[in-house]
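One chain comes next, on its own, written out as structure tokens in the form predicted alone.
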């Protein structure tokens, strides 16, 4: 069941999938001014008790929940390979969907899901939450205002250490469960949001540290339609602070560190993230001249909370998606191209 307008009260939203990210959404929704958790669907062990503890109706089967619960939207946080089926079930009921990244498991499934949403006139959003971070919004505006001129090169790092316990679930040791599709996909989306579309990808991956089937490290080279080139390094097997999660302070369960993880260089200046430092020449230009630095401080805000506000606004037709299904599909295509380029040892053109 669906309802199209909730003008005064908090809009009821279902969460399908109650793993770590699903519970994160539910716990933020409990105190959110715009939306409220209407139900949670997940047959997993302990989920019913968890739902009872937070006072949210529980269903083992999401299809049963969709039939019996009045909803304004749904957040899908199930395993990646189920995204297409769950999303199509929501769209068939005219229910706006916020799909956790990646939008689907494959590009073909993503196209099917996007086509279905378009045909039904139902909003499909993808949960690349960094787009809602005020740091990234400020960076996008600085670039649009010409702070760096024409973007030329980007250096991005996503390096940290995942503990051994992280790999206890089998899927995290198998192909597709590694840092390229779990973590680097966020950095790819970040760069698409700031720099534009990606034209081609080259890559190398390695599993030399743990020896699992899945990669633990990758080096990626990307060329953008504007001509800029990006070098990205990702590893979940190294002791290092240089990654967005530790640097940007988006989540309280990470200790925020005063470092940069992304460097964007252009014809008129350079920009660091997340510190938002702009480096430019004050007078004459050239490598012998002194550079000046300015920094733009922004207020911290939880991007997941803003994403939920945006979900209601999109569901009610007041805003267009910050990250649409098609946008998320393009990010997925680029992330999958990393694995393809590494496997083929050649450039993959998107």
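Residue numbers count along the first chain shown, from 1. Just so it is clear, the model here is predicted, and its values are computed rather than measured.
The next section is about a form of this same protein that is not shown, the form predicted in complex with a small molecule.
- Contact check for 131, 134 and 195: none of the three has a heavy atom within 4.5 Å of the small molecule in the model of the complex.
- Checking 11, 341, 334, 16 for any heavy atom within 4.5 Å of the small molecule in the model of the complex turns up a single hit: 16.
- None of 66, 41, 315, 35 but one reaches within 4.5 angstroms of the small molecule in the model of the complex through a heavy atom, and that residue is 41.
- Across the options 151 to 159, 121 to 129, 201 to 209, 88 to 96, residues that bring heavy atoms within 4.5 Å of the small molecule in the model of the complex belong to 121 to 129.
- In the model of the complex, no heavy atom of residue 262 sits within 4.5 Å of the small molecule.
- Interface residue remark: residue 79 is counted as part of the site for the small molecule in the model of the complex, having a heavy atom within 4.5 Å.
- In the model of the complex, residue 116 stays away from the small molecule, with no heavy atom inside 4.5 Å.
- Looking at residue 173, you'd find every heavy atom of it more than 4.5 angstroms from the small molecule in the model of the complex.
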